[in-house]
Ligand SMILES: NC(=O)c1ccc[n+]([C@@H]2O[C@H](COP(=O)([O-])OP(=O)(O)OC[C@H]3O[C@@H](n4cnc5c(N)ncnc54)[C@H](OP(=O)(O)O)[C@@H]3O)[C@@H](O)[C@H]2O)c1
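The chain that follows stands alone, in the form predicted alone, written as structure tokens.
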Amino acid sequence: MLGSAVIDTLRADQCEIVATGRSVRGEAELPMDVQDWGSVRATFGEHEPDLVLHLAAETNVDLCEQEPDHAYACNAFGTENIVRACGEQGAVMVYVSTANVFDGEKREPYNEYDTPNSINVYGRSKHAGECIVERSLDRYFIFRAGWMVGGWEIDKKFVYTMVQLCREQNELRVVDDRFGSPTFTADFATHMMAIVNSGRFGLYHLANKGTASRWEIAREIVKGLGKGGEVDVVPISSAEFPLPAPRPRSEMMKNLKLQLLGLDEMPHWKDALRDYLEENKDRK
């Protein structure tokens, strides 16, 4: 989801791109396994990057809980390999992290100075990756994203699922006791690169403005699709959907450091959602 948006942004800036990993919408990509140091070192040696955007991660929260060794192998050890290669190459590193590093007990949105304390393996493994970057490199950016939205048909997360259900059902049952900060990949990619180009290294929150429950987002989707009189959105408790991994009550974030720097130009999530639905209205 994010990789395709980042590639679009970099191409618009006429950057020379070496895309590694899985294919994006059928485009052939260069195979590189972040967990294989030999693979990483060979790829870096061949292409000698100036800037490395480390987007590879295991983001399936329940799978991470069920297979913690796999989660740490990808999210921590894989990151360690990329960090080591960046150090050898002298490249600037960008690491994408998550609001899931927090425990969700704070009533207000989290800022960059709050202490991570994740309640699940996914969040702990991503925070481990953050720590590796921070202690090993001087020239790096860490960007924490919220609930990611983007890519339309390659979006396996909440928004596209709700869009499809709106087309098939007249009632949606959606939890109203989990809160977060929607983060649209196109906005994230554009503003991430603006910060990278500023040269102000460090850790940043980068989410769309505003916060919401899953239920509130679903209501906006119904409205944006013009199905307000056809689809009813029913609020329910998350207890009705037991999952292998515990979820924090809140993944709400604010971009405090960007606000202090005068660089927080992320649009409100409702505006981003409206534009996203309009842009893709004729697609399946």
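One-based numbering along the sequence shown. Owing to the predicted nature of the structure, the values given are computational and were not obtained by experimental measurement.
What follows is about the form predicted in complex with the ligand, which we do not show.
For the residues V163, M93, V174, C74, the 4.5 Å heavy atom test against the ligand in the model of the complex is passed only by C74. A heavy atom within 4.5 Å of the ligand in the model of the complex is found for one listed residue only; from A189, M148, V83, A212, this is M148.
In the model of the complex, no heavy atom of H205 sits within 4.5 Å of the ligand.
Taking the partner from the other structure, the ligand in the model of the complex has no heavy atom within 4.5 Å of any heavy atom of Y110. Of the heavy atoms in F184, none are within 4.5 Å of the ligand in the model of the complex. Using a 4.5 angstroms threshold between heavy atoms, A56 counts as touching the ligand in the model of the complex.
Between 242-250, 34-42, 255-263, 227-235, the stretch whose residues reach within 4.5 angstroms of the ligand in the model of the complex through a non-hydrogen atom is 34-42.
Applying a 4.5 Å heavy atom cutoff to the ligand in the model of the complex picks out no residue from 255-276.
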